[in-house]
Every structure is written in C-alpha cells, then in structure tokens.
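In structure tokens, the next block holds one chain alone, the form predicted alone.
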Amino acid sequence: MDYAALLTRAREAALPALDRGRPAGYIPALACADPRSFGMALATVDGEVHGVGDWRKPFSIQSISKLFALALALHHGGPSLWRRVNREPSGNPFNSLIQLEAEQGVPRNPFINAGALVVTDALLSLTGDAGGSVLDFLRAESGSPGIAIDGDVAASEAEHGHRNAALAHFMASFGNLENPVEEVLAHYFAHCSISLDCHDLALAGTFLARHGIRADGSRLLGRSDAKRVNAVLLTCGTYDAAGDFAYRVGLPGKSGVGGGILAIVPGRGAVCAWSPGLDAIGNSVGALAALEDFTERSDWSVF
C-alpha cells in the first residue's frame, strides 16, 4: 500500500474544511493556534512511520491523554476501576455536570472530563504521579525523551478550569475521589497539557493496534482489556459525536480540543491527524475530514 499517496490525498481532502473550524477559545493558550495548520502521520505495528504536512509540529494533546491515563490505570489497578466509572456514551457535552447527581457521582465514561478526573485520581493513587506516568509512557512509546508538559497551557487550564474543579468537588462529595481535589486537578491539567507531534502520537498509540503490546515487546494490557479500551474509544472517544465518527471514519478514536485525533487500526497501526480548528462539539474539522478520506481509500476500518 502506498502510504505516502494515501496521506497526501487525505491532506488534500482536509484542506477545504480547515476554514470551517475555530481553535479552542476557552483555553487562552490554545486560542492563538492557526486553524490552517494541518499534519497527519501513520505508524504501523512494525514501527514504520509516514507523514504529511505539519506532522512534526508539536501540539497540545489535551483529551487524547485520557486514553493513555486509562490504559495505565488498568495496567496498574485492573478492572476494579470500572466500579468508579462507566462505559456508556454520555449524550451531553464533555464537561457537563448534569448526569453526575442523578448517577451518584459515577461518570458515564472515562473520556468525558468527569470520567478522566476519576481515572487520574485512580492513577495517582496507584503510582503517586499520574501526570508523570502518562508523560513517561509517551516518551518511551514514541522514542522521544524530549516530550514535555507545556507549562503555559497547564497554567492556562488551571486558571480557567472552574468547571473541572466543580466536577471534581461534586464527585468528591459522593466519595468517588481518593485524593485531594486540588492534587487531582493538577495532575489532570498536567497530562492534558503534554505536547506531541503527529509522528510521536501515532507511535504512542500503536500499543492498542498490537492488542496491548508495548514498543519494547512487553505487555501493558491483556488482549481482552485492549479490545475493551478500543471499544470504549469507538463509542465514547469523540465527545458527543462518537456515532458520527464511527459512521464517517469507522475506527476507534480519541480527539482533543488541541485539534488532534488519534485513531487505532487494530492489527495494523495508528493514525494521528491534527488541525486546530474545531467544530461546535470540540472535534477538529480538518482531522476528521482527513481520517474519513483515509479510511475510504485504504479500506482500513473495523466495519
């Protein structure tokens, strides 16, 4: 398969969509991003990486980090995590408080903000450093030791993170946080503020394409757990548009308001597309258009 040609055509398909998106204005450190930027990379399970556009330009991964926090929490703590967070689509915005009271402080899934805060809390209890654990994992899987947390983005998120603080305090009132709210929030903002490029993020995601096997050959997740993480990605990974993403792209995927989308092709590899312009739900319009074109031309889909 001519990966370079596939990625080039995907970029061409994305270009007309770039003017339709706007960067995440509610996080000032992200608001100045150029919505015309675009990058895309494919990493195969054999370690090949192909890219196009701004594929080596770092960006804030934001909610894509939730995927790695979940995998690490399951690795260290096992399935008991699922007693504290559910696995159903939310049907509400990713930062909504609506369902928490009716559902006794148990979030609908690990990829909305409330669920990711519970996962971060669990990882913090298990490792002592949730943000650092995610950072170390990304460095190891990508082979890029220079990957870092963007302090400006983390500070911007903390300064404007009142909704996340409200979610955390609300869940703490139901006994669904083990650590102090302020500490959980600091680790959550830290791993969401990690900066990677498409090349490194695609490489980091290939452990799920290898059914839980890391780049060094060790096992992070059992095959069954890797399957289940991919399933939750497919049903819950792109905010309140997971159905549309499954319809158009047909892959498990996780988006972030930094403009990235990481999609997993089980048995084959991982694809990362990035463009900062977002739709009203918080997904990158350019990245979505590129991934849709890629799966149409390659026939790489789980369906």
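Nothing here was measured: the structure is a model prediction, and the numbers come from that model. For every residue, the number given is its place in the sequence shown, counted from 1.
Not on display, but discussed next: the form predicted together with a further copy of the same chain.
The contact residue chosen from 140, 155, 97, 148 relative to a further copy of the same chain in the predicted complex is 97, the criterion being a non-hydrogen atom within 4.5 angstroms. Considering a further copy of the same chain in the predicted complex, the lone stretch of 119 to 127, 212 to 220, 166 to 174, 191 to 199 in range is 166 to 174 [heavy atom distance within 4.5 Å].
Across the proposed site, 57, 71 and 136 without exception lack any heavy atom within 4.5 Å of a further copy of the same chain in the predicted complex. Contact annotation: residue 8 falls outside 4.5 Å of a further copy of the same chain in the predicted complex, judged by heavy atom distances.
At a distance threshold of 4.5 angstroms between non-hydrogen atoms, residue 83 is out of contact with a further copy of the same chain in the predicted complex. When a further copy of the same chain is considered in the predicted complex, residue 2 lies well away from it, no heavy atom lying within 4.5 Å.
Residue contact with a further copy of the same chain in the predicted complex: residue 75 places no heavy atom within 4.5 Å of it. Shown without its partner, the chain has 108 as the single residue in segment 102 to 125 with a non-hydrogen atom within 4.5 angstroms of a further copy of the same chain in the predicted complex.
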